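Shown next as structure tokens: one chain only, the form predicted on its own.
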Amino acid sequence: MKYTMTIGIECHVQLNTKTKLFSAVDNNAVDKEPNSCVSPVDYALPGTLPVLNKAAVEKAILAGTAMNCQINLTSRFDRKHYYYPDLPKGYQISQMYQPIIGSGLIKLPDDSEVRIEHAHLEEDAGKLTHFGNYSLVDLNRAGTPLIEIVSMPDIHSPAQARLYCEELHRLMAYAGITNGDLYQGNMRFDVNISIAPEGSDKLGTRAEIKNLNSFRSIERAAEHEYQRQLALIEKGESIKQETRGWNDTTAKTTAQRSKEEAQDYRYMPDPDVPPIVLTKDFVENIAKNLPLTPTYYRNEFKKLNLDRSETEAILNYPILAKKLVDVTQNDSKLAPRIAHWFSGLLLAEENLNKDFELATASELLELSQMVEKNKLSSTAGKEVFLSLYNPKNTSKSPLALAKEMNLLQENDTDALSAIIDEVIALPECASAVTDIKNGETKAISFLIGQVMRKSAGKANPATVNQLLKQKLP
């Protein structure tokens, strides 16, 4: 029997506001001492009251707009009660019943679509670090503003799950609402997976894989979980509804907590945080400030006839995408070469300091023009391109770099003609000359190589080829 895999994904996105969701302390705790970015609100000291951060609401509106979602003019906060050491209040402030972001739709690069059920604002909990028989609590992350984005179960393969998460990451990064650093946990994914007989109108029992923070892990975990569930079903066993963890080293999921019965979080409206009441004008004024989205850039790059893999690689770096659009709008004929340099050279140089601001659009166009006009060979053009992105390059132009690197091609026909005459006269080239005169044109490659060697690689091969044909009709 064939089985269909169904996946729904919940994604927690940390908003890059200056301060936390309900307290006026630093929201950026990266590389800072534990419990150094906290306030009495985060510690839940008696008598403290939360104050909603307006910037978080504005960023939620931008996120919803980027996902083509409805923005609800009225939303409210609820208390989600559970006890854990990293949650001093004993409850998390979230939006269970009236979220700020309603239904929407994300179109993926392969033209498939994933519906968004809703997205809501909530505060993050702190972090526990375990040491054998004791644990330490760091509340720097407590109160960090999150939006939790809940997809509909529209995904049916590990590859599509990865594609959706990659596109969601791009949308949030381009919208400017998050730093998007997966390693730092700026976006974390919970992947719900079930399988059912092909054609069934009923979904299978799902397992939820928690806290995945890399696209590779999402794809691998989904594939493993599908195979695990399939093996159980084929043995006549049932699937348990549970949360599972993913081990990247063993490439396996392991059971964490049973969810056979829904946990009672005793949700109740939060009496300390008033409902969010927005006007249509307020939402529209925020939404019109949404930066250009990946879809816009894809449409621009269609003019360059790039492979989809090239386009997506460049889109992973918004700063490169913006620069390539600048280049394209100045000269779409020269832009494809620069796009190839971006994807095939700059992003492939793992040891290169990826300061993408180093080269300007005008410098890139100048360099592409030099290759176009045969002032530089294709190989030399790549060398100069990488030099433009070397921090040790003290603002030298492509022409200055090419001269310094002794890479400019020799196009002077008189000078090249003299070198060709010397090569033709060489005893070791006599047989090649004879072959060419007898119609064996393949031998011309040998002579071009000799000219290139004698000119220390500076001769323009195309010009040499043309002159040889004139001299050896």
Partner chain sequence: MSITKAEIIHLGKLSNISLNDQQLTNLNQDLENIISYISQLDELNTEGVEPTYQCFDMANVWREDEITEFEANREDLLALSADTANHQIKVPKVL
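Numbering follows the first chain given and starts at 1. Treat the numbers as computed from the prediction; the structure is a model and nothing was measured.
Omitted here: the form predicted together with the partner chain. The next part is about that form.
- The partner chain is not shown here, and in the predicted complex it never comes within 4.5 Å of any heavy atom of E404.
- For L21, a non-hydrogen atom is located within 4.5 Å of the partner chain in the predicted complex, even though that partner is not displayed.
- Among residues of the shown chain, Y134 is one whose heavy atoms approach the partner chain to within 4.5 Å in the predicted complex.
- By the criterion of a heavy atom within 4.5 Å, A231 is excluded from the residues contacting the partner chain in the predicted complex.
- Of the candidate stretches 39-47, 442-450, 63-71, 428-436, only 39-47 has residues with heavy atoms within 4.5 Å of the partner chain in the predicted complex.
- In summary, among the residues R298, R266, K210, R115, the only one with a non-hydrogen atom within 4.5 Å of the partner chain in the predicted complex is R266.
- With the partner omitted here, the residue from G236, P391, P271, G199 that has a non-hydrogen atom within 4.5 angstroms of the partner chain in the predicted complex is P271.
- Taking the partner chain as positioned in the predicted complex, the residues of 37-74 that bring a heavy atom within 4.5 Å of it are, in sequence order, V38, S39, P40, Y43, L45, V51, L52, N53, K54, A55, V57.
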